[in-house]
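The chain below stands alone and is given in structure tokens; this is the form predicted on its own.
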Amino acid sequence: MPELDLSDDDILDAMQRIPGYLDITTSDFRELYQLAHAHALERHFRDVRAGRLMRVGIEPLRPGLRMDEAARSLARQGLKSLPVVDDQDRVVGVLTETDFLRRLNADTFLALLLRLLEDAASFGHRCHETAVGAVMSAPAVTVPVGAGFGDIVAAFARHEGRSMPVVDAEGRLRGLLLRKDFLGACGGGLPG
């Protein structure tokens, strides 16, 4: 949360509202405010860690999996994207709904639906014959298990996705951090 830029008038107005005598300058007050603000942010966000917020037990995808099977996995797990991992469970990419749209030459799901109604057969071939590794977003933006608030914000700022894989030091998948879970935690309600 950004610190407010307090003017001298703001500070003097606040000081006049406090009964009694205050022996403090506006610069002392500003310094006190900055320290208190930093402390409050640290206290509020200290438990916002990727490992604490991530969802575990997700079933990642493999690069050789066909897109139609990947779509079934996404739907079954109720997610809009899934990490793609190699044989050592290292994250090599992410398959998103946007990747499906791009492969099916559609800008939006509504455009896809309209095209599907017009020519369903052409879509089946694209999904039955295409491997996840050919269309996934790579490299994936990931965060380590111990990532804190600032690192998570920076990672989400690097991509527009709704989730990101959480990895260990070797890049192996440990969980999936959803943007909505992160935002919920920042609003004060840490899960678990």
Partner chain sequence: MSALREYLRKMRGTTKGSPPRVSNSEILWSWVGGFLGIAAIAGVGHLFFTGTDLTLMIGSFGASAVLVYGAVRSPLAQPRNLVGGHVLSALVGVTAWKLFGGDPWLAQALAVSTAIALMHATKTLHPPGGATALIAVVGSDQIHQLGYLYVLVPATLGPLVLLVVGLLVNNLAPSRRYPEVWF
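This structure is a prediction, so every number in the text was calculated from the model and none was measured. Positions refer to the first chain, counted from 1.
Quick note: we don't show the form predicted together with its partner chain, though the next part is all about it.
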Exercise. Please state whether all three residues Q16, D23 and S27 have a non-hydrogen atom within 4.5 angstroms of its partner chain in the predicted complex.
Key: yes
Quiz item: Could you tell me if L183 has a non-hydrogen atom within 4.5 Å of its partner chain in the predicted complex?
Solution: no
